[in-house]
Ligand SMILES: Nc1ncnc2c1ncn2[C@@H]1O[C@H](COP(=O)(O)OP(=O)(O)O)[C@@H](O)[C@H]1O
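Listed next as structure tokens is one chain, alone, in the form predicted on its own.
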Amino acid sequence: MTVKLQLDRVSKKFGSLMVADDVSLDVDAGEFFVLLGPSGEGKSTLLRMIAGIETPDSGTIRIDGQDVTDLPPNKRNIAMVFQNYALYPNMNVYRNIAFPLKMQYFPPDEIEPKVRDVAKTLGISEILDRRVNQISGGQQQRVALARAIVRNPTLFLLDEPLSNLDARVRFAARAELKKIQRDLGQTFFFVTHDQKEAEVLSDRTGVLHHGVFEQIGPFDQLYDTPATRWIGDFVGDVPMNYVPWTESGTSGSMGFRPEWATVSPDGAQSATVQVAERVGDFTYLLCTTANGLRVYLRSLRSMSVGSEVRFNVDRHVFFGGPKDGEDERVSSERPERLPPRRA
């Protein structure tokens, strides 16, 4: 597949803060790529460099094989959708969508069919005459997308476009956005701190941490086989559990998710419930073992604080011991099963 976006050893520093440290990435044509990470990790800066709003200190940015590192934004044939959508409140929906075409001096008889066609694609034909402050947040998102699509860009850059929506609207907007991207067959580069957005939307997710990609891959891969303990802690509703491990000269730790353990009365391992929180059909338990380890478990039964819980670990990953100054990383050598630990 043709590479649509390529970052080759891109770096950016603000004073002593390195926000992009020799970053390389290939995004394929038609891919929905999500850039995920906590606040302050350089996500928006990386997006702004792709857009041409910021200039990298070193490295190369290519779009469709063309070196655009030093090109201004208007020469890159990209479209951006911002967190607040940046719609013009003094204009109706039609004029908002048509605005970029007017700026490119398209004649009116060419603008109208383009606007109406994209409005039909996004299901907003019936609101073209309404002002943007009279429509819902979900409709405003579609208007912002329509304004981007009508220019026929080669790459879409989306900077936390769902974060201002309430939870119910956001749920529907995620599914709608993914459908739109698939229908268009266009390349989307989407920045977010929301893991659920990454899980639902992405073909691949890249997690940025301290200016570098900690891991890149399908979201399920990040969840099931985190490359480092930091990924194991960051990805998921609760941090991964870790149990120290030493055998045959190999040291490190076993990592397992709450749902990878089975809570049962005849479990080989024991812990005491410190916090119990009911979420849907499950109760999430924060427990401590006799030797002071903290573990998160998931149970179909309600458990009271202070009670003993027994469990078996059915699945795990093994993190090999770190080198000096490095995070523990997943080892290719994985023992078959986590051995029982005695309280």
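From a predicted model like this one, the values you see are computed outputs, not experimental measurements. Position 1 is the first residue in the sequence shown; the rest follow in order.
The same protein also has a form predicted in complex with this ligand, omitted here; what follows describes it.
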### Message
Exactly one residue in 65, 306, 280, 38 has a non-hydrogen atom within 4.5 Å of this ligand in the predicted complex; which is it?
### Response
38
### Message
So this ligand isn't shown here. In the predicted complex, which residue out of 54, 28, 314, 57 has a non-hydrogen atom within 4.5 Å of it?
### Response
54
### Query
Can you say which of 288 to 296, 270 to 278, 42 to 50, 65 to 73 gets within 4.5 Å of this ligand in the predicted complex, counting heavy atoms only?
42 to 50
### residue 23: touches this ligand in the predicted complex, heavy atom cutoff 4.5 angstroms
no
### Task
Flag residue 19 as yes or no: does it have a non-hydrogen atom within 4.5 angstroms of any non-hydrogen atom of this ligand in the predicted complex?
yes
